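In the form predicted on its own, a lone chain appears below as structure tokens.
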Amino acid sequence: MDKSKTITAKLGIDVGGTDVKFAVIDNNAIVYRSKIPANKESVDAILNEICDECKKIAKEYPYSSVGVGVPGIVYDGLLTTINLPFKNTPVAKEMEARIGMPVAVDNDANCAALGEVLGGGGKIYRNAVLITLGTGVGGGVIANGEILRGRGCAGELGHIIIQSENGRKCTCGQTGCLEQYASAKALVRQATEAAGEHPDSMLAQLYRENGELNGKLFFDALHKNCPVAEAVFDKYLDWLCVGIKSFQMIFDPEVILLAGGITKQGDNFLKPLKAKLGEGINVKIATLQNDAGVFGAANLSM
């Protein structure tokens, strides 16, 4: 590789609870990627290993800046996380001291939203909302081309309350959060409950054969026209629509992008969702998916 052509490249880092992903972005394309385990022993341990990987990458793929997406709250330059050992940690300053290069840090969902707007399904828009449907419901908001941060917690989309009366208890301490009804985990829970209520259904049969249900088994039943699975999915989409319509009214985005394993169903997921939403809401499946975080992180310096 001609290193002179990549000297303006940027390094994006996506810190997860299990792995830390790295990607060198050059001319809006990923030219190199790597991954290391997330060391949860201490702040110094995880930062040292991340910075060691940064130095290793720089020898082969020079870059001009580093951006880091983290699963936590970044306020006034200080990072606090739940599943990693950061508490009011000045991560950017700590990393800059180790690698001698500018470092920017932001919430991982914010980075994913920025990545999709800059290089993914939302790149023709300046106002967008990204909703991630996984174990929980996450997201980020881009307003006039910039991340909406608030005091550090803006964009916690999964914790808008959609069932105020007798709602399900959420890990955040509230009841009735969108996350408890529209996450992938919630869909599997709803399917498992339905299987128990309908022991003669295909869902129940799959549960007995596998000892549990997961997203793949649920959609297998759905695609085989299991009426119980169809009813579960219909109700799941109703809950998701409540959230999407609320975000449309609150943020007035040009597009709402959906990411996560469920969206791999493509039109089988998107078409019935759009039919329920009706006209006036532009909803699409995100295109960068798992690469959105590193892509957005690399561009934080912008």
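Residue numbers run from 1 along the displayed sequence. Everything numeric here is computed off the predicted structure, so don't read it as measured data.
The same protein also exists as the form predicted together with a further copy of the same chain; that form is not shown, yet it is the one meant from here on.
With a further copy of the same chain omitted here, the record of contacts in the predicted complex names 243-251 of 268-276, 243-251, 43-51, 23-31, defined by a heavy atom within 4.5 Å. For the marked spot (283, 288 and 291), a heavy atom within 4.5 Å of a further copy of the same chain in the predicted complex is absent from each of the three residues. Out of the listed residues 202, 143, 188, 101, 143 is the one that sits within 4.5 Å of a further copy of the same chain in the predicted complex by at least one heavy atom. A heavy atom within 4.5 Å of a further copy of the same chain in the predicted complex is found for one listed residue only; from 223, 169, 93, 151, this is 151. When a further copy of the same chain is considered in the predicted complex, residue 81 lies well away from it, no heavy atom lying within 4.5 Å. Contact annotation for residue 214: none of its heavy atoms lies within 4.5 Å of a further copy of the same chain in the predicted complex. Remark: residue 160 counts among the residues lining a further copy of the same chain in the predicted complex, judged by a heavy atom distance of 4.5 Å or less.
In the predicted complex, residue 127 approaches a further copy of the same chain with a heavy atom inside 4.5 Å.
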